[in-house]
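Shown here is one chain on its own, the form predicted alone, set out as structure tokens.
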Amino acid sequence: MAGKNTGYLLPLPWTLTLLLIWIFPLVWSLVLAFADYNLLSGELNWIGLENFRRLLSDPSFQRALWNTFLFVIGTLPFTTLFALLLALALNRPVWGKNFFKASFFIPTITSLVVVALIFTKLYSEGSWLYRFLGQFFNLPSGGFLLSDKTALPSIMIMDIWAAIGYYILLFLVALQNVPQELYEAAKVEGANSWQTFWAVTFPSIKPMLFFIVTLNTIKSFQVFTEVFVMTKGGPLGSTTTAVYFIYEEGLHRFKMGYASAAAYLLFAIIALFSYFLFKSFKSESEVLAPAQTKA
């Protein structure tokens, strides 16, 4: 009997962790989103939808959202495409394949703070990269991160470089699970490389593609560490993203209600994008499935 009761206690640490670290902050931040709450004074006043109304007309929040959309558009397609192309290349019997796999994956397991600090140095005015490119282009004085025209693209390039290794490995897992019988059948039918990719490889790796695009979309919308380490949202707010805006409002200006409302607006945007991605991939699968059945 005692052993039976002890069994009920085993999930208790996990349950308490879930409640204290995930559920409670989620519910409390939702409450704060409808309130005016100052972190220092502890005063809480219920104001309904006022935080959301102010956010929608706040130029700083609009600028942060715009920068976030630019970051997503500037990183998501390139990261996914480059990862797929490199995975296709590494899936072939090429020389030094394991070396290249390790080389691409090392940035993924390296701390993003360390990567950001390295690129901050690389983007500075005295770096070899700045001096080399300065021979061909008219570069901004002070380095790439001190210009509102080049700061955000510079962070995008770093993010693509740092994240691509993880997606290469995911694509490689999907490619190595494609049934070889399908490739042999395509070869018998006389399909060329492009036809084999489009008729065999792409449908087979499509679930993994959906997973990668969804994961990368959510990650890109939540970009923060790179901005915090490299630019602190500057210059002139050109790299202030939505999550950095939430950080500034909540932990610098102590407007926890305002920051919570911004966080839930960002959550709604990410959920909306994820829903459309799911519908898009699902509808394409429905179109593809009858065609494959017919074939």
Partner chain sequence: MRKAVLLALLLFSACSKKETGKLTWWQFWTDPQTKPLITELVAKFENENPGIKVEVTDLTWADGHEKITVAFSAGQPPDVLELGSDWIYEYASNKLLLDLTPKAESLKKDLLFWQPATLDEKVYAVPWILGARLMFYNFDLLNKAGFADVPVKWDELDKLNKKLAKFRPEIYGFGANASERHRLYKKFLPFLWSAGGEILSEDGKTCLLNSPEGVQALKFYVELCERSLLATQANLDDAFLQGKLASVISGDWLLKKLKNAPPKFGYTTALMPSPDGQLYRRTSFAGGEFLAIPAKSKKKDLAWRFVQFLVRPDNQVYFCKNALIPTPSSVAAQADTFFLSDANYKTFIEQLQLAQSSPPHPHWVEIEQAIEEAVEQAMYKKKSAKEALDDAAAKINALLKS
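Residue numbers count along the first chain shown, from 1. This structure is a prediction, so every number in the text was calculated from the model and none was measured.
There is also a form predicted together with the partner chain; it is not shown, and the following applies to it.
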Interface check vs the partner chain in the predicted bound form: of L251, L49, L56, L26, the one with a heavy atom inside 4.5 Å is L251
Residue within 4.5 Å of the partner chain in the predicted bound form by heavy atom, from S141, N177, Q135, N192, is S141
Among 225-233, 64-72, 266-274, 27-35, the stretch whose residues bring a heavy atom within 4.5 Å of the partner chain in the predicted bound form is 225-233
Tell me, yes or no, whether T214 is in contact with the partner chain in the predicted bound form, where a contact means a heavy atom of each within 4.5 Å.
no
Exercise. Examine N91 and determine whether its closest non-hydrogen atom to the partner chain in the predicted bound form is within 4.5 angstroms.
Key: no
Original post:
Closest heavy atom of R131 to the partner chain in the predicted bound form, within 4.5 Å or not?
Top reply: yes
**Prompt:** Would L9 count as touching the partner chain in the predicted bound form under a 4.5 Å heavy atom rule?
**Reply:** yes
TODO: Indicate whether the candidate residues S41, D148 and K255 are all in contact with the partner chain in the predicted bound form, with contact defined as any heavy atom within 4.5 Å.
DONE: yes
Applying a 4.5 angstroms cut-off on non-hydrogen atoms, the residues of 107-133 near the partner chain in the predicted bound form are K121, S124, E125, R131
